[in-house]
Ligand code: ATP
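First, one chain by itself in structure tokens, the form predicted alone.
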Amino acid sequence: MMIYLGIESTAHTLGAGIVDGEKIIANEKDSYKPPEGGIVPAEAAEHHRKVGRDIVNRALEAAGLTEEDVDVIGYAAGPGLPPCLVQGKKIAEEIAGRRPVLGVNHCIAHIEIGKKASGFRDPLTVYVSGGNTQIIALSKGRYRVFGETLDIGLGNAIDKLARHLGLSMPGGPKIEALARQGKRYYPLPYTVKGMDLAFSGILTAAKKAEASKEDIAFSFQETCFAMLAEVAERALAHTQKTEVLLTGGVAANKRLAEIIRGMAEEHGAVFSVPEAQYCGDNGAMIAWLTKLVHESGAEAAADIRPRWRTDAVEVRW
């Protein structure tokens, strides 16, 4: 069996994962945490440069391997922040030597690691992360986008609200914790346009809300998650899929999982969400997709693609 090493570096996380055959045998990471505000791409890239080889070595040690044992190396070519993507590619190429180096799609890696974890074959995927929010299903050899954000990703919106409320990063878990203490719903704009969503207006209204932090967090989550469930429900009815997968960094939110699970079960579909280590950005998902791309002979990226869309990739596996 071949050994695949994957490098994740699209945003704040530098991850290294290793796949041996059908098994994930290592998944190490380290995340850049800005002292204040959001991600500064150049600083995140510098973080990745500094910790990159150490994280790879930790993954190799966890797997009981050396660099020479690795057969194929993959990196996240996009979508993502260009300086961060460049560092991930550099790390992969420095290790590779004459071994194959494949650039793979970050969004599809989230889907495929979710499918592996769940055992699903053909799900409707609700993909929610910092930079992306999409409702996706496989059709005619591509992951088609049935609905998506028109402005910012849900994770980005949550982090912006967290910073406004004076919470440290990462903001997602802290907003979730605050929301559990909320008791009153504060009306916020519910912005669904056809099959697409917009979060910036809701964020602006939440920042102006005259309510407790707990009620703001609760109201923000309930509004955004209901919007997501509405669009996902229509996509599920249209595609007639029997499996619903929730994946991406925001998928770790238990309230979101509860809402999407309820929607899926009302339609007789089976629901799954990966364990937390595979929800957020990680190297294992890049290693796993690298294996799928390599074995199927599908086209890989030769360079970074910062705006590489999910539906631009031919799925041969």
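This structure is a prediction, so every number in the text was calculated from the model and none was measured. Start at 1 with the first residue shown and count on from there.
Below, we refer to the form predicted together with adenosine-5'-triphosphate, which is not included among the displayed structures.
Of the candidates G131, G182, P83, G147, G131 is the one whose heavy atoms come within 4.5 Å of adenosine-5'-triphosphate in the predicted bound form; the others do not. The stretch from 279-287, 263-271, 40-48, 66-74 that comes within 4.5 Å of adenosine-5'-triphosphate in the predicted bound form, counting heavy atoms only, is 279-287. Contact with adenosine-5'-triphosphate in the predicted bound form holds for all three of Y127, P170 and G249, each having a heavy atom within 4.5 Å.
At the 4.5 Å threshold, heavy atoms of Q87 stay clear of adenosine-5'-triphosphate in the predicted bound form, well away from it. Interface membership of N156, defined by any non-hydrogen atom within 4.5 Å of adenosine-5'-triphosphate in the predicted bound form, is confirmed. When contacts are judged by a 4.5 Å heavy atom cut-off, I304 does not count as touching adenosine-5'-triphosphate in the predicted bound form. Using a 4.5 angstroms limit between non-hydrogen atoms, A11 touches adenosine-5'-triphosphate in the predicted bound form. Taking adenosine-5'-triphosphate as it sits in the predicted bound form, the stretch 185-217 never comes within 4.5 angstroms of it through any non-hydrogen atom.
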